[in-house]
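One chain comes next, on its own, written as structure tokens: the form predicted alone.
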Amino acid sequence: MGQAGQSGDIVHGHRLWVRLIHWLIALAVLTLLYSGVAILMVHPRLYWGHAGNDLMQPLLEIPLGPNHHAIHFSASAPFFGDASGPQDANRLNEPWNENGWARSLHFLAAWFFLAGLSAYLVIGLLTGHARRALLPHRNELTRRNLWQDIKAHLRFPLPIAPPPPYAILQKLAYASVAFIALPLMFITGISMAPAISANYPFLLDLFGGTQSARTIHFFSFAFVATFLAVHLAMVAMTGPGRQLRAMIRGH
């Protein structure tokens, strides 16, 4: 696809469906990140398996929000009289727990995200866009090609970003996000919804429990957030005005 310029050259740009879906997914992901952080602040601890609470040793504790190291309990005692079984304790202070709005917003944004992601994957695969622009070819995955692209990204100022098809590092980044991180983030997130897990319990079994799904959901979210930060930084360093025009006007 291209547009003829005054000198007869062809100015390539993003197709209309790519631009529309890009902005839909971008707005949905930003909303999910914002509401997701608010949800995480209520209990900034990650576990593995089916159960997780303040009396259990977390897999990872995140220094985020007012509940980080702010919950105090009385001495714990066996819940069933068995020292090796579940423990019980009285909470000595009330935690911060104001995220009802965030959960509703998060769940709503997830469906817009699913609509955009599904449309992108289906259209991209049917039209060959994914194969041409995103998926690396075997001859691109050589050490020499990878090293040359790494060196190009380490030089400043960075060269102006070319239109699709992208270089190998861009392909690997976009393909990892589009085909792995974003679908995984949605599936693990939706599997934690009580209405979904009650009707499709195999989703939680697939990930090894609610807390395992939550932990995988967090790390996929962290990967997408890191990609977004790097993506915006690269746009800022390689001609933000030109790239915004390309993603809005198409050329």
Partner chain sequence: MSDQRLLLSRRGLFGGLASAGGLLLTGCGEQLPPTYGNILRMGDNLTYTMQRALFSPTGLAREYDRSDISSMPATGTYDPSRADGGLYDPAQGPDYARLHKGDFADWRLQVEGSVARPGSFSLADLQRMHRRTQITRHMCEEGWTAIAEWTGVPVRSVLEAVGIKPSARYVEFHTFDLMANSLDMIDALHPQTILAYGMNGRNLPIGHGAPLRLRVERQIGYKSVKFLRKIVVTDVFRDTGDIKSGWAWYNGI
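Numbering follows the first chain given and starts at 1. Computed from a predicted model, the values in this text were never measured in an experiment.
Another form exists, predicted in complex with its partner chain; not displayed. Remarks below refer to it.
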(request) Just give me the single entry in 33, 59, 42, 27 that has a non-hydrogen atom within 4.5 angstroms of its partner chain in the model of the complex. (result) 42
(request) Identify, from the list 108, 180, 123, 169, the residue with a heavy atom within 4.5 Å of its partner chain in the model of the complex. (result) 108
(request) Report yes if any heavy atom of residue 188 sits within 4.5 Å of a heavy atom of its partner chain in the model of the complex; otherwise report no. (result) no
(request) Give a yes/no on whether residue 68 approaches its partner chain to within 4.5 Å in the model of the complex, heavy atoms considered. (result) no
(message) If we define contact as a non-hydrogen atom of the residue within 4.5 angstroms of the partner, is residue 128 a contact of its partner chain in the model of the complex?
(response) no
(message) Test of understanding: in the model of the complex, would residue 219 fall inside 4.5 Å of its partner chain by heavy atoms?
(response) no
(request) May I ask whether 55, 81 and 198 all come within 4.5 angstroms of its partner chain in the model of the complex, judged by heavy atoms? (result) yes
(request) Can you check 132-140, 115-123, 73-81, 169-177 and let me know which stretch has heavy atoms within 4.5 Å of its partner chain in the model of the complex? (result) 73-81
(message) Do any residues of 179-216 have a non-hydrogen atom within 4.5 angstroms of its partner chain in the model of the complex? If so, which ones, in sequence order?
(response) 192, 193, 194, 195, 196, 197, 198, 199, 200, 201, 204, 205, 210, 211, 214
